[in-house]
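Starting off, we have a lone chain in the form predicted alone, written out as structure tokens.
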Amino acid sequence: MAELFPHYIEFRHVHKTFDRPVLVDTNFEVNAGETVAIIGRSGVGKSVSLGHIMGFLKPDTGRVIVSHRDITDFTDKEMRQIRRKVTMVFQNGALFDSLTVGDNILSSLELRDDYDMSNKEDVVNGLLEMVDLLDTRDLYPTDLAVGHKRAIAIARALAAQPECVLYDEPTTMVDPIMSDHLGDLLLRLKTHLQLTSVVVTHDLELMRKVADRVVFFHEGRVAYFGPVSELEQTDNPNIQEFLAMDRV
């Protein structure tokens, strides 16, 4: 039996270089049931971090813990077991355009061990009600606005009953009303389902609404990791500049 680690997710001195260093001695952790936001400018390693959590990327050096296990050297087969517990909501929603909204959610439901044909309609309806989009059930993704696609993608992710959900820029390219709606949805899921979550975002309103702690990346390094409430007080000039730009 593999050793179990105390944190649900942990990066231990993770380095990753492509044509330049993207993650440099990265350290942070996420506890079970906690929501951690990852913020910073474009290209500083935020989405690369999600790739490491999902096992799509491997660190050059360092260790990555996910679901309390060291997954750094996991095989594809071992990672499939992790991905039953940890799911990702991609920026584009990654829905199947040829399937209705309801069938998109069903496609995820079928991955569950307790999948039951007799109550599948109730489960799909329940998930759509959870994201306030029951009336879209028979529509196709091409009929939906970007924000609604994201909400449907979240419902599909939840159909597999994960322990942890990773969100990649959930409110980017949506209008302020939909952004607020998605933020409320993430907060509701956190409160009612106690899911572990990692949210990569540029949206500081979303961060303040849903995150317990925040990781601020600057040039591949963790410039701040701690409570959201203390981010404003840090004297790091890069963080202060980032916050000032957001206020503008």
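Since the model is a prediction, treat every value here as computed from it, not as a measurement. All residue numbers are counted from 1 along the displayed sequence.
What follows is about the form predicted in complex with a small molecule, which we do not show.
Contact with the small molecule, judged by heavy atoms within 4.5 Å in the model of the complex, is confined among 233 to 241, 220 to 228, 6 to 14, 19 to 27 to 19 to 27.
Not displayed here, the small molecule is approached by Val48 to within 4.5 Å at the level of heavy atoms in the model of the complex. Proximity of Arg41 to the small molecule in the model of the complex: non-hydrogen atoms within 4.5 Å are present.
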